[in-house]
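As structure tokens, one chain now follows by itself in the form predicted on its own.
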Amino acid sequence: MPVEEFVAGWISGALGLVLGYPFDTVKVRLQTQTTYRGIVDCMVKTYRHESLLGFFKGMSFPIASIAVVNSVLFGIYSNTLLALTATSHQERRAQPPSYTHIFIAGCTGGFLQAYFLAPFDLIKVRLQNQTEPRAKPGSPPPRYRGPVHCAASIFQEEGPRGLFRGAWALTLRDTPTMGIYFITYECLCHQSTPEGQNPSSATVLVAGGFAGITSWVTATPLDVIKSRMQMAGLNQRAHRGVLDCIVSSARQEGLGVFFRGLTINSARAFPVNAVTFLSYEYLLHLWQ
């Protein structure tokens, strides 16, 4: 099994993560807290109360973990396409795979990514939701002192299953979404590139950016449910399942709640995924 796709996926995932993390923090807080009037209000309050560092809470852990999960997504996607079409990454421009194969490979990558991602994403969301300012002498410490302490606390207080809280919502979010993600990217690259040639850097940037926007428009409703289920255990109020969380959220806050964070998701999706795909394609081309 070629390993270049896994390595390129990790590096490109890390670059995209660093670029989009502050927006991700704002998105998570908007989805799980009701104290903000909107994106600007959340950003201003975070900066005033926690300084610039507040936007990067918990980032060191995703760099080491969630970026690795991105390598699983790209590695599984590419190797599933290899199994379905018997063509390597560099051969696919001359022999483009069908959109059915692309969708199946993307869904496979999304499903397996969610399996690996669930505990890491839970810890990231819990750390991002800590709104305490940077610790000062004499001030009470935050609930979680870091990712390891967060994982240990969840395990102790909520049991082993607590580390996989929201995993079903995450799986339902990522499985079809990643199929749509890769179809959008490959379709735009194919339509904008002469037959048999590699797409230009500009094409990759635009295709990757629009793939990110399309996937997040699809994913946001379940992303809201996923984040709420992950935070429910902190308040000792566990939902009975994905459907229960959907129904209770709709009853309490209306249908608009499922699109909370959509604007900032879309805004960060374009640059993050443009950089992710450009670095991924560049690295694979460099190693050929």
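Model, not experiment: these values are computed from the prediction. Start at 1 with the first residue shown and count on from there.
The form predicted in complex with a small molecule exists for this protein as well; it is not shown, and the discussion that follows is about that form.
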- prompt: Looking in the predicted complex, is the small molecule within 4.5 Å of a heavy atom from each of Arg173, Ser215 and Arg268?
  reply: yes
message: To test your reading of this chain, name the stretch in 153-161, 176-184, 77-85, 96-104 whose heavy atoms come within 4.5 Å of the small molecule in the predicted complex.
response: 176-184
message: My question is simply whether Val224 lines the interface with the small molecule in the predicted complex - judged by any non-hydrogen atom within 4.5 Å.
response: no
- prompt: Counting only non-hydrogen atoms and a 4.5 angstroms cut-off, does Val272 reach the small molecule in the predicted complex?
  reply: yes
- request: Answer with yes or no whether Ala219 is in contact with the small molecule in the predicted complex, where contact means some heavy atom within 4.5 Å.
  value: yes
query: Quick one: does Gln230 come within 4.5 Å of the small molecule in the predicted complex, counting heavy atoms only?
result: no
